[in-house]
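Just one chain follows, in the form predicted on its own, and it is written as structure tokens.
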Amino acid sequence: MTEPRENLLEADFELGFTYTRSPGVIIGKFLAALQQQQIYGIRANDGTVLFPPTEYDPRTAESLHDFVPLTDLGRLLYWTWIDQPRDHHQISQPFAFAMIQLDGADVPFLHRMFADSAEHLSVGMAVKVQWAEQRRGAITDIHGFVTAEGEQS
């Protein structure tokens, strides 16, 4: 049995979060470095270098603090090509979601890879960071990756 519409109570409501979260020491240093076009990983307790850095070791849950400077060069491990980006991709040109392993890091991470077409991509090819023109201390300061033809990786 449903109640008549005139018996329902209604009120406007807006859900909001009125606080700002601090990124903390580890992530804060990482993001501040990106704004300066510098890249850091962090050494896990077993010696592997993680990128992006994490506050805690993924295997032992112990705190991490040993930053490792990395270059803006790496290797393309695999990808999926996006021929027709959608609005939520926030770019209009075709690109690839790619797993990139930066030189000096032991684990890959997901980011955008730019190329004229999927045919211009190959497993193991050298890539380099394409920095955003306006950097603000966010992972998006790395706009994406491009081929690093002729550069040592």
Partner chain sequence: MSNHRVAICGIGQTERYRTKLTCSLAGLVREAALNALADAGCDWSDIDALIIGKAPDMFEGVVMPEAYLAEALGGVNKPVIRVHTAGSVGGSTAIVAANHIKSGLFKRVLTVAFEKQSESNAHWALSPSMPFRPHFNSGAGGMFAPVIREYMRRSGAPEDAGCYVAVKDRVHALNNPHAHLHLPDIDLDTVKNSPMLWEPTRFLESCPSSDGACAMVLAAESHADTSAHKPAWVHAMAMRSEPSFYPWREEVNPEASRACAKDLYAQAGITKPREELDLAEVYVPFSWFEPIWLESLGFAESGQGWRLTLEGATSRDQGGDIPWNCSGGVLSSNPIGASGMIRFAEAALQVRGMANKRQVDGAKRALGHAYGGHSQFFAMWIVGAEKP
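Treat the numbers as computed from the prediction; the structure is a model and nothing was measured. Residue numbers count along the first chain shown, from 1. In this text, the rigid core denotes the largest set of C-alpha atoms whose superposition between the two forms falls within 1.5 Å.
Just so it is clear, the following notes concern the form predicted in complex with the partner chain, a form of the same protein that is not shown.
**Q** Decide yes or no: are D12, R21 and Y56 jointly within 4.5 Å of the partner chain in the predicted bound form, with each residue judged by its heavy atoms?
**A** All three within 4.5 Å in the predicted bound form.
**Q** Using heavy atoms and a 4.5 Å limit, would one call V25 a contact residue for the partner chain in the predicted bound form?
**A** Flag for V25 set to yes.
**Q** Examine A61 and determine whether its closest non-hydrogen atom to the partner chain in the predicted bound form is within 4.5 angstroms.
**A** Because a heavy atom of A61 falls inside 4.5 Å of the partner chain in the predicted bound form, the answer is yes.
**Q** Tell me which of 103-111, 62-70, 87-95, 36-44 has residues with heavy atoms within 4.5 angstroms of the partner chain in the predicted bound form?
**A** The contacting stretch is 62-70.
**Q** In the predicted bound form, which residues of 85-121 put a heavy atom within 4.5 Å of the partner chain?
**A** Contacts from 85-121: none.
**Q** Please say whether, between this form and the one not shown, the C-alpha of D12 moves by 2 Å or more once the core is aligned.
**A** Yes, because once the rigid core is superposed, the C-alpha of D12 moves 2 Å or more between this form and the one not shown.
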